[in-house]
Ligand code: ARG
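Listed next as structure tokens is one chain, alone, in the form predicted alone.
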């Protein structure tokens, strides 16, 4: 009889696996990062098997002790990983059997690698979501604090990247915060669906052993066991959902990055980023490049690609488990690594932003940013809005011809377009008057910015309390 490469399944085969195929089908080079969660799942499984008398207490204890030794070997870099054993599961099981003998082979009773890997990924993703959540909360906190500091700082607000109306820098920062608040809620909502346990579904149909899946779920901190064994081993919705929300999150960070890149340019010169978040040029000594936001902007496409890859991976798979699903891990792992890195960079960088308030203010004075305020003024004086729009348009044209902003025109100059205009018009044509007039919830008035920042802080505190 020919020697087999993998004793976990080789009984019905008459020849060893081809060397290339062995390498091609192995996943241990990337799924080994699941070792801690694989061991956690195995300890819970062995504990449950002992409770239902499938294992003896001595066998349970030997398995748990052996798994503990293996985890220490892995963490010390002394574990003999083998591609011939395909994956993290069989590497650990084979090593366990070496350590404790035949009892190690009993660990796999009542489960399959199909439900084992589905459980490992969920355990891993659940822990990683908690890391992402903490970094996201740290970033939101930094944004809220910066918004409060800059509640009175006036800058131009843009549409079509053209000057539209004056806003406060704090108001702009809180717009970013609102994006991230939605991402935060999506992340926690995704975690609820991750926190369902596949273990006990076995290969696809369940098992004939008298297992107690509720015991295992409780030991592993899952909300409940998965309801259907076929779905439990084949479902990867949770990975797709996380990658989808990660794509939204990175899209928001990319939009923020684009504005940071613009604002640090000489053409805008609205903010300064500390040197530690920038790099220079090998040939142009004057350069200070905003590499962190640029790289975050670039990494967004990487996560989009992983989302499309996972959707395509699953789109044609029949029930239940298929080898295709081995391809779920690398995109999910890379998405997690990318998101954590981007969030950490932003959470460190955002509080260190230095606003150049004078430059922002001067930019807001250009481009007739208070034109809408003049139109509103005329409407309050009884002029129909369409007529007010026409009057302001004529005054802007005059300003362009004479290189004067509305606030720089004399009363006589303004009255040539409408006799309705009176001396009190200058109260609304100043930048301060414009932002202060928008004094309602959601508005850009400094008092509203401070109130909104406080509400955001309280909402974040409530959300994190729920997590804890």
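Positions refer to the first chain, counted from 1. Bear in mind that the values here come from a model prediction, so they are computed numbers and not experimental data.
One more form of this protein exists, namely the form predicted in complex with ligand ARG; it is left out here, but the text below deals with it.
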Query raised in the report: Which of 64-72, 25-33, 435-443, 417-425 has heavy atoms within 4.5 Å of ligand ARG in the predicted bound form?
Result: 25-33
Query raised in the report: All three of 195, 220 and 224 touching ligand ARG in the predicted bound form at 4.5 Å, heavy atom to heavy atom?
Result: no
Report task. Look up in the predicted bound form whether residue 122 has a non-hydrogen atom within 4.5 angstroms of ligand ARG, and give yes or no. Result -> no
Requested in this report: Check whether residue 117 has any heavy atom within 4.5 Å of a heavy atom of ligand ARG in the predicted bound form, and answer yes or no.
Outcome: yes
Query - ligand ARG contact at residue 321 in the predicted bound form, heavy atom, 4.5 Å - result: yes
Query raised in the report: Taking heavy atoms and a 4.5 Å cut-off, does residue 235 contact ligand ARG in the predicted bound form?
Result: no
Report task. Would you kindly say which of 184, 111, 306, 89 lies with a heavy atom within 4.5 Å of ligand ARG in the predicted bound form? Result -> 89
Report task. Note which of 103, 372, 264, 326 lies within 4.5 Å of ligand ARG in the predicted bound form, where distance is taken over heavy atoms; exactly one does. Result -> 326
